[in-house]
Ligand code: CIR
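Shown next as structure tokens: one chain only, the form predicted on its own.
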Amino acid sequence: MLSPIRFRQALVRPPTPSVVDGLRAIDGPDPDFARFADEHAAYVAVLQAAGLMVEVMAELPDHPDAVFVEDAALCVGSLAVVLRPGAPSRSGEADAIVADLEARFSKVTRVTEGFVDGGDILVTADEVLIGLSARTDRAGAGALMSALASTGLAIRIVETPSDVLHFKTDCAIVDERTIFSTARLAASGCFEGYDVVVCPTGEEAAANLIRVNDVVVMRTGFPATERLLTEAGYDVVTTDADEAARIDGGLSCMSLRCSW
């Protein structure tokens, strides 16, 4: 059985100055490129400190959102799946990542129907949850189910709250059987059978965190969440991601974490 929290390597793609034109659900200030680059470098350092070998892929200046590499692909063991991002402007990111995956994975397949973003996919110890959202539709979820058939994992399609961009905007796995979730997503019942830690009210933006080997990595600036997780026994590391948040990005989407 593959562990959803144990990884050896990660793929990242650095931001470029075009990141200021990144997509966002709600209009707001552009990210500052210099600060974004500093935050990304610190994020990479956190992954390395957690024990990962981080490989940096080529810049894609023509694709402002390319720093969010998780939306373009999914890694499960030795299998990599090239996804089909739901935003039309991001289709080139999927095309660009094919060669990187083929150089590193023994099997690479591709979703060719519908739309599915990596931000809508949560992999646990024994199943894959695919959240339907503005960026992931049923056709894409069904195509991904077919692509993952060889993994032996159960696959379940769930609903993402209508006011949430991606399923993993509101949840993360923090150990083999525990999900950290916002109250609104937990209330949907999609995590039945799991232990659930509910994000403190007012800090919902902290829900997009990642468990990497022995540490939980979360955004700086959410003291109640940090305290809750620390008191629950998790080793918490914080890192800045305010610039990524300006264009709807978070910690999970800035790397492809792999067990190979």
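Start at 1 with the first residue shown and count on from there. Computed from a predicted model, the values in this text were never measured in an experiment.
The next section is about a form of this same protein that is not shown, the form predicted together with citrulline.
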So in the model of the complex, does Val12 come within 4.5 Å of citrulline, heavy atom to heavy atom?
-> no
In the model of the complex, Gly131 touching citrulline (heavy atom, 4.5 Å) = no
Does the 4.5 Å heavy atom contact test between Asp242 and citrulline in the model of the complex come out positive?
-> no
Could you tell me if Leu23 has a non-hydrogen atom within 4.5 Å of citrulline in the model of the complex?
-> yes
Counting only non-hydrogen atoms, the one stretch of 62 to 70, 231 to 239, 46 to 54, 215 to 223 within 4.5 angstroms of citrulline in the model of the complex is 62 to 70
Is every one of Leu165, Gly249 and Cys253 within 4.5 Å of citrulline in the model of the complex, counting heavy atoms?
-> yes
When citrulline is considered in the model of the complex, the residues of 88 to 122 having a heavy atom within 4.5 Å of it are Arg90, Gly119
